[in-house]
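Form predicted alone, single chain, as structure tokens, below.
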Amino acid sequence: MTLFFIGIGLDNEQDITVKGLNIVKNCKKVFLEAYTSKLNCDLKKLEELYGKKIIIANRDLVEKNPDQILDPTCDVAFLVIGDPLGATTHVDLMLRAKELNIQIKVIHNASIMNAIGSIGLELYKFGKTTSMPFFEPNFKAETPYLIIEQNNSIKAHTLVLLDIKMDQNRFMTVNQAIEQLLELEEKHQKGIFTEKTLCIGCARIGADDQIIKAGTAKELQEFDFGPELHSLIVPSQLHFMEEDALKIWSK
């Protein structure tokens, strides 16, 4: 029996690959990981196309109580928005399956990590990707600021993934991310991220209504990107073709 890790893309029920769809139709159990990302369609749309009842897998189920998923008696599909191995927690589930001698197979799909190529920046010029969590009264993560600084030192672009709290239906916006980075700049005073820093804000990449906007941090802070999901890119030194590409998104 096999545990299939199946990427279902970034937008809606139609983004699953033909290979992935055929596997889902033949699995006895189908789970949807529902805490690292969010599709632009509801569960019923998936179930109608896939012809299967889908079980929502929250973080507790996947990380603490995965026995339902790690079922050695039947084929199981574990659906992941984007690509299946974009989050460390899914690698952990894969390792647990191997310990139980459950066969695994991965069906890849588009993720934010490669879909940002649509912006026109060269993918191989990106450095470390970082995540921006919501600031809390007693904790303000400085890692995103430091990663931007490190990437800048090697002339690499930075992709900043923005916080998602599915249980609270709370999704960080480009505007909030910029506000937090400016607050960190105010603290460190290194000139790493100021109101004049060139940024690219992205919303709903891969969807028909995706938004890509390039401009200074101040300009993007005042721009309405609409509903989730958002991400932020802080480019470093640009090639002239990258400069031309960003002119498209700065209008």
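Since this is a predicted model, take the numbers as computed values, not measurements. Numbers for residues come from their place in the sequence shown, where the first is 1.
This next part talks about the form predicted together with another copy of the chain, which is not shown.
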{"query": "Heavy atom contact within 4.5 Å of another copy of the chain in the model of the complex, the stretch among 118-126, 72-80, 171-179, 134-142", "finding": "118-126"}
{"query": "Close approach of residue 16 to another copy of the chain in the model of the complex, 4.5 Å, heavy atom", "finding": "yes"}
{"query": "Contact test in the model of the complex: residue 167 vs another copy of the chain, heavy atoms, 4.5 Å", "finding": "no"}
{"query": "Proximity of residue 11 to another copy of the chain in the model of the complex, heavy atoms at 4.5 Å", "finding": "yes"}
{"query": "Heavy atom of residue 100 within 4.5 Å of another copy of the chain in the model of the complex", "finding": "no"}
{"query": "Site check 95, 109 and 161: each within 4.5 Å of another copy of the chain in the model of the complex by heavy atom", "finding": "yes"}
{"query": "Heavy atom within 4.5 Å of another copy of the chain in the model of the complex - qualifying residues of 136-175", "finding": "150, 151, 153, 154, 155, 156, 161"}
